[in-house]
Ligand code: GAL
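For reference, the chain that follows is the form predicted on its own, supplied as structure tokens.
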Amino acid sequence: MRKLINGKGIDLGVCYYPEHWEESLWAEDLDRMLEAGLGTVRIGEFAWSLIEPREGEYTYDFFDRFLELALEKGMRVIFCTPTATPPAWLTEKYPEVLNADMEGNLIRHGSRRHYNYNSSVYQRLCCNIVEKSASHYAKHPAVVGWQLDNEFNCERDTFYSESDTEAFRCFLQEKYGTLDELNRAWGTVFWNQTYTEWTEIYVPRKTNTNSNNPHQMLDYYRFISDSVCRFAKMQADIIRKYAKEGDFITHNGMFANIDYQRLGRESLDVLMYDSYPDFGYELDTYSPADIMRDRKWSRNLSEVRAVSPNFGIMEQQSGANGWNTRMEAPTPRPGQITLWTIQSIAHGADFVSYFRWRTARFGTEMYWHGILDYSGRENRRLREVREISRKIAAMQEISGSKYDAKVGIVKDYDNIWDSQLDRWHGRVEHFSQKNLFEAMELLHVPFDFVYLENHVTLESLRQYEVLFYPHGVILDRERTALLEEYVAAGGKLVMGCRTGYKDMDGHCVADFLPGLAAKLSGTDVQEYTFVPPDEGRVMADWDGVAIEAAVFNDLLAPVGENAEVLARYTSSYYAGTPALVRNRFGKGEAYYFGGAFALDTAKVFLDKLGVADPWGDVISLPESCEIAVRRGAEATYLFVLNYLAQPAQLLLKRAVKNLWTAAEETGEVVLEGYGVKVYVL
């Protein structure tokens, strides 16, 4: 059985850097951590030189001493592979391991994540350090798990080294087989880009128009993900040779250009995330109009949950953000560390590790504060962490329970990556994703992200009453067939504008739009346009309710006897044209909406489809509060989180048990600013 995130308890931990502190402080630090309820430390992710100070010269004494002390104190340890920061001796001797920018300039030593995944030299040296570390440290009884690298694709998620070009050619040869097939897929007859030798192909480079072939770019993003996944598996395969029974392999982060579904399947026992809600108050980006602020991290946690239904937090905010160069943000206010910890647990975390124990006194992150400040003195944040640990002790029964949602937002990596490179796609996708999330938060609708990957089955989709696939621009027959099965079995599917416009190569289809989705949606897109900017908002009428059809409009016509027009545009030159069509398909319904989803429009959809406020018979609460629900075998746990400094008024419509006090509550309840409640139903 896994030693953490195993359904047997919720655990707390903290990130620690013994190399930053005098060894005389270690014992005191571990004692204070344990006294505060922090039973696990993560170590070693940036410590390559402490194990291999020079090429081929290995020394283990430093971490041996720390692990022996951790064992003596009863502290569990998550050990990291140190490959996120190759040492100076390595990059100086082998500059080919460095990443490069689009113009070929090397990303030099002096920060972190300065390597590329595809250098054969770097892969060899990484295998060496992972083999030496795992073969020596994995047997130690204090070690309970391993973190691969640190935050893949953080800082930079594109790679332009010579090694990447060589690997990209191999990736393409394996995918396409022949240059004729590649030329077809990339549409290279456009602008005379046809390739006659594989050596003519490079990773994207600077062009005269600053615009690369879009089909090449789509494959390039796929290639980056493939590179990350292969790099992770290379390390995981080594660790599994030495790991003790119950030791786990994880990785921390959710960054761009990575297929985390594949990463999880191939290399991880569980995914962890680094959660920093204080970014919602960052000085350079803060906007009073942003009603979500730190609440946006619930969206990120939902992404993690799509990979690991129960997951861990490797780095949970415990102090102010800040490098010396950017990301300034205030110290968490009283109650916010608790709020953000419970936010993580509410969304499925069964392990939360705070970043960090002591704030570093030097380096780029010397203003990224941890639980303790530079002096290590007793402080308010440590007292709050102690109180959190007491709350967690009363929450152990929640471990292993799953987040409960009846609404899903469908995603896939092909469309994610296409929306990054295609402005037409990205404009509607980013708009709708933001507003669908906010609508569900404000109407207290728990939801999941649902990835259309090869392992997804009809049974896994049927748990959702409603699925939103806002802009499935790229479609293939397999995904379309699965969605047809879902609707035919009784589900409700909502699609937005630009659905089905492209095939898997990113080519616009020659079929009548919405392409492969035409049969399911019962629609014919006869014309389309961006919303003319000089006309303001384009509206539609849905049974007397005005909804905005934002950003881009498909002009629809119903097709088939089961297709019914529910709403028509009421403005612009196409007023009177259908804007929303419902198609009865088998036992279910498919809805095709001709716009992107504005916030109020998304709210109307949730209300009319009968999924708004699903816990309204239990509790009434203001929009400033979030509801999250975890369901276990014997009980359901309802989390209420207040993201404002002002108290919130709750109305409990029936008696429910407060998990922390064991007392029943009913009627009007006041939830303090940044307060949290957990009720047992």
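Since this is a predicted model, take the numbers as computed values, not measurements. From 1 onward, residues are counted along the sequence shown.
Not on display, but discussed next: the form predicted together with beta-D-galactopyranose.
Across the options 468-476, 96-104, 364-372, 204-212, residues that bring heavy atoms within 4.5 Å of beta-D-galactopyranose in the model of the complex belong to 364-372. Residue contact check for Tyr195: none of its heavy atoms lie within 4.5 Å of beta-D-galactopyranose in the model of the complex. When beta-D-galactopyranose is considered in the model of the complex, Cys154 lines it closely, a heavy atom lying within 4.5 Å. For the chain shown alone, Gln216 is not a contact residue for beta-D-galactopyranose in the model of the complex, no non-hydrogen atom being within 4.5 angstroms. A residue is said to contact a partner when one of its heavy atoms sits within 4.5 Å of a partner heavy atom; Asn150 meets this definition for beta-D-galactopyranose in the model of the complex.
Checked against beta-D-galactopyranose in the model of the complex, the candidates Asp274, Glu303, Asp422, Asp247 yield a single residue with a heavy atom inside 4.5 Å, and that residue is Asp274. Residue Phe355 is the only one of Phe355, Tyr486, Phe552, Phe311 with a heavy atom lying within 4.5 Å of beta-D-galactopyranose in the model of the complex.
Contact annotation for the candidate site: Thr85, Phe159 and Arg230 all lie away from beta-D-galactopyranose in the model of the complex (no heavy atom within 4.5 Å).
Within 4.5 angstroms of beta-D-galactopyranose in the model of the complex, the stretch 304-319 places a non-hydrogen atom from Glu315 alone.
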